[in-house]
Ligand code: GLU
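Only one chain is shown below, in structure tokens, and it's the form predicted alone.
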């Protein structure tokens, strides 16, 4: 294997969005392949027809491309910049398992003819009864291999079974598990041994004719030339089955490297169920304060039984969790890559953070501390399997947020404006429509310093979306900054209105001069700025005033000031 070209692969099931754990696996596979001058392959494992979808497959590809993890071999994806990712330069596709069934069937027949697999005809009900019987006897269930099956021989009994299968009788194919010890040589964990006889005769082809995960992945890794299998440690339990199949089929055994799991800070496993937990906690809090399940169901527009089931933890429905989040203003934890994208994280910050989950470069930064800030080019240059750790990683959201804030702060203003606008076009289109294109750089400059995420920028810019004639004034802010001291703030606001009406051009530099002059004449910028902020934003908080005023434009600013004076004077 050491002389073979390096080919790594990321092989997700298209049953949902790309989990950050999967993104980390893909990142490490990509980095190792590039470091070794090899190829990184994307394969879609869609043999679970009931749960797989084309939309999920495309979403996974788009998330990988957004992160900058581009695959050399795999399904073709057209990017917004006109480039394409993927292709079949090596001629080892197709890259969707559902399109490779004929290949799996040929390999399955090879195993049967070698006496290493056999058709089994028990119904699911029979298997369930056997399993219940084992549980009642406090034993681990193992499928009882038929006595007539002789490992390594295509005898008359096996031929008869195979003829029944070929005639169309419902069956599954089971692998004849080896009686010898299985050793998995893992580059991260060392030698992992499975004692002789521990493997049972597991299913390799289901009754619907599709291969199981164990069988398809082994056939694909061999026929697609995969040299290194790098995946999370949760897959380690499957690997002895894969090695046994490789041996039975006469295949090579790839180099395995099982990576540490990604955990929450409380040591719980980071999973999609975290969203349900957060939503359930919020709804339970409401119920504890008097909200009835019936009232909750009505507000959520869901059947009461479904809400009750969710509260009782009988299900972790993501649809219910998202409905609760919308109705009761709950921020669900980001789990999938698309969550972080929608929350306004930059891909370079995500990749930098993910690169530290289970790996470190072993270098020092100029200040003598462990090097933590790096880009994809650095990861590509320095990544090695030897520096993957064995212990689970903690997903420190505060650290990720700090990484993202630093990445945003480091962007040139023009680049931030362009990237933030692109993000808003997808996630906050109303803001793009509300702000004229020529004023967008002013708004971006105004919010950048406050933006730890791109969504923070959108929140800071919310004043631009207010309806000039109906937005709400914070009465506490009105009382404090406009009506107190005999209406001193109102008088300052009226003076500001006159000066702003005369300002030309209505641009940040000119407006800054107007406000500075007022501040010098009236005891400081605080006394001048707060009444104006209340007038244009409804509250005493806004991005820097010169940019905020310029973004709104003179007509909207004067209209808001006039309305505020009228309401605060009554």
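Predicted model only: the values in this text are computed from it and were never measured. Positions refer to the first chain, counted from 1.
The protein also exists as the form predicted in complex with the named molecule; that form is not presented, and the subsequent description refers to it.
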Identify which of 20, 557, 551, 11 has a heavy atom within 4.5 Å of the named molecule in the predicted complex; exactly one of them does.
-> 11
Sort through 440, 251, 395, 213 and report the residue having a heavy atom within 4.5 Å of the named molecule in the predicted complex.
-> 213
Are any of the heavy atoms in residue 272 no more than 4.5 Å from a heavy atom of the named molecule in the predicted complex?
-> no
In the predicted complex, residue 421 touching the named molecule (heavy atom, 4.5 Å) = no
Look up in the predicted complex whether residue 280 has a non-hydrogen atom within 4.5 angstroms of the named molecule, and give yes or no.
-> no
Quick one: is residue 454 in contact with the named molecule in the predicted complex, heavy atoms, 4.5 Å cut-off?
-> no
Given the named molecule in the predicted complex, answer whether the residues 497, 533 and 545 all have a heavy atom inside 4.5 Å of it.
-> no
Given that the partner is absent here, state which listed stretch (280-288, 399-407, 229-237, 487-495) has heavy atoms within 4.5 Å of the named molecule in the predicted complex.
-> 229-237
Those residues of 23-45 with a non-hydrogen atom no more than 4.5 Å from the named molecule in the predicted complex are 45
